[in-house]
Every structure is written in structure tokens, then in C-alpha cells.
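Let's start with one chain on its own, the form predicted alone, as C-alpha cells.
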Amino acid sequence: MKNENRALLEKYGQTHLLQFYDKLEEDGKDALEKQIEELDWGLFSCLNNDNTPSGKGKIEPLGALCVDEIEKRKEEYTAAGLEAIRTGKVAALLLAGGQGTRLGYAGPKGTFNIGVNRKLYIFEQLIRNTLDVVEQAGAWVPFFIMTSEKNHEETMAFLKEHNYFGYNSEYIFFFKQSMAPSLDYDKRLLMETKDRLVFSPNGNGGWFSSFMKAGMLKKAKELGVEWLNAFAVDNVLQRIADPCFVGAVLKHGCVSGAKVVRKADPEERVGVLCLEDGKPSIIEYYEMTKEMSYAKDKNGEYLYNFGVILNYLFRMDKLEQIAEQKMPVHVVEKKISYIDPDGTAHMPAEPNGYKFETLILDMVHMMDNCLSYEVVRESEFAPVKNKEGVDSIDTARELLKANGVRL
């Protein structure tokens, strides 16, 4: 063990990581040393100083650019968006680091077959949605795909095997999400194997730091990209690099935009776009009081009525500024599998430690403004989150069929 690495372990009270070191093969020793060298030791300060936002500021409702208003200016918005796309200023960024575990599926979530009588993969549907825009604009949209350590190779192999479902591979770029270590309640780093720490993805707010770390920011600038449309893998109906959405954000002079839908009911479990101390913010459903949920304006409309669907447009230079400011880190209690000093594996049934996450909602709050852009729920929101019930495989299939997608 290098002296400087040993000193780090001693400084942070983590010398237990050496408990198996002397019995490891050289490859194992090298792997463990590399992990120690690359650790973000600054995360430990979050446990002591609590870098997580301590509470919300003054919350006020933020209305939305509603569907009927969008319809009146649709041609204008679409023309502006198509011009930005044709000149290479807009890129798509797919957050696809997750597995299909909650669907009862062992594999990257994007490789799940949502079809019934034929195969239709989640990745395939999302790419088809993007190809609609490519055809409309007559130009390829740079398409960045964020994977994770667990699914990177499998995701790349899957898309290559399927010839990227007709997308030009020269415009597809893969990068891995950065990982963060996990600790037990005694603030000791947990180990997955004798030569590997327990790592997990650093939250959905970690995509831009991972993007930069992987050299993708440089690539995007070389391509002339000025705007990034970040979206999640599980909504199979969403429109990607939507020209009307892009154009509306541009025309309203905003530095970011969020697609929203009207809540199905006042207590629906979705994050709501609002204002916090005058800046855009997302308040989670569990932070909403009953009074807020049912509050109405003079026209009888609910004040906090627009839920986010994790489809955002960000101006890239503003994302760079955020990266310099350093995003808040949330310390979250989780069930974490690990090995004990005897090398025995444990899969706890209850939370047993901490993970570190950054959240995309904090990115929104760090923006100067955000256009709340309403989309028709039945046309653009079909999340595949659960095996059955609400937001499930079956509900997504029904919505796809209702929108003319052959399953």
C-alpha cells in the first residue's frame, strides 16, 4: 500500500479497508489502491456539516405555459426550435443508468421489451420518438446516453446489436455515471468484496458532473451544442428534443425549461414545479401540505397543479456555472449489501448506512428561471416504473396503444 493512501485511510478512520489487503493478488491490491486514490473524500464533510439543504424557503405557486397558450403560438415556437436543432445547438441526453429490477427484469431498464405481439424495447421507442424530430428537422440530434458501471457494456452491446434502431451511430455518445461510496452508521466505508468498496450511482443530479468527467462537455462544444435536453429512460411516450418545447424556452428568454403535466388529483405523488424564494424549485409530494395541495386561485384552479415528468432543457453554459458552485449533496439512509470482516456477505432487510446523492431538482433551483411547459398527459407521460399497478408495464402499454403505437 502506498504511503499516501495509507495516510488517507488513517486520516479518515478507514484503515479497516486494509483487512484483506495482504491476502489479495496483485491485481486486487492495485484495484483497491485505485479506488482509494479516486475517492471523493470531501463527501465525509457532508456527514459532519450536513450539506443537504436544511429546509425550503418561501414557496409560491408557479403557473405554466398551458396547452392552449402553446397551441396559439405553436408554429412560432416550432420554427425557432427547428432552427436551433438544424444548427446543431440542441442535444438529447438520456439518463439510462438503471436496471429493470422493479419490473422483475434482470438487465438495463432500456432493454426491457414493452411489446406484446412483437418486440418493442424501451430504448427503441425512445429512439423512434427522437427520430421523429430528426426527420422533421432534417438534421441529426447529438444523442448522449448515460449508463452506469452495472449496465454500460450491456447497454452498448444491445444498441450496437440492434443497429441503434436506425439512429446514426456517429451521433450517439456513451458515458458512465460517476459512483459514490457507501458508509455504515459508524461512518465506515462498506466493502462489496475483498478488493472492492460498495459504490452506487451518485443520483440523478450527477449526470452533468459525470458528463464533464467523461469528456462529453468538450465533445458537445465541438459539435456546437448550446442546450441539453435531459430525460429519464422510463417514460416511453415523451417527446425528445421537442422543437416546440425548445422554441418556447428560447422565445421566453429562459435558461431552462421543464415539461409538466396537470396532476391527476391534488395528492398525486409527483414533484411540483413552483417558486422558492423567487427562483424555480421542485417541491416533492411528501413536502406538500394538504392545504397547499388543495389551494385554489380565484378561477378555481389548483395553485400547485403541475407535476414534473423529468424532461428538462438546460442551457449548457448555465450548467457549467452550477458545476463550479458545487451542488448540494443529499445523505440518504439505504439498505446496503456488504461483506463483514470475516468476508461474509450480508443483504440487510432494513437501512444500515448512508449513500450520497445529488438531485436534478437542485439543478433546477440553481437556475435563474425555468419555463414550466405543459404537455398533454395522455400523449407524453407513460412511465414504466412498476411491474403492476400505477405507472406500470400495463398502464404504459395502454397509453402506447392509445397513441397509435403497435405492440
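The first residue of the sequence shown is number 1, and the count goes up from there. Predicted model, so just to flag it, every value in this text is computed and none were measured. Take the two forms, superpose them, and find the largest set of C-alpha atoms that agree within 1.5 Å; that set is the rigid core.
Same protein, other form: the form predicted in complex with a small molecule, not shown, and the subject of what follows.
Checked against the small molecule in the model of the complex, the candidates Pro243, Pro280, Pro181, Gly98 yield a single residue with a heavy atom inside 4.5 Å, and that residue is Gly98. Contact with the small molecule in the model of the complex, judged by any heavy atom within 4.5 Å, is made by just one of Thr130, Asn311, Asn202, Asn305: Asn202. In the model of the complex, Gln177 approaches the small molecule with a heavy atom inside 4.5 Å. Contact between Lys334 and the small molecule in the model of the complex is found at the 4.5 Å heavy atom cutoff.
Proximity of Met146 to the small molecule in the model of the complex falls within the 4.5 Å heavy atom cutoff. Of the heavy atoms in His16, none are within 4.5 Å of the small molecule in the model of the complex. Partner proximity in the model of the complex, defined as non-hydrogen atoms within 4.5 angstroms of the small molecule, places exactly one of 254-262, 115-123, 293-301, 227-235 at the interface: 227-235.
Once the rigid core is overlaid between the shown form and the other one, Ser209 does not reach a Cα shift of 2 Å, moving by less than that.
Once both forms are fitted on their rigid core, the CA atom of Phe381 lies less than 2 Å apart between the shown form and the other one. If you fit the rigid core between the shown form and the other one, you'll see the Cα of Gln99 move by 2 angstroms or more.
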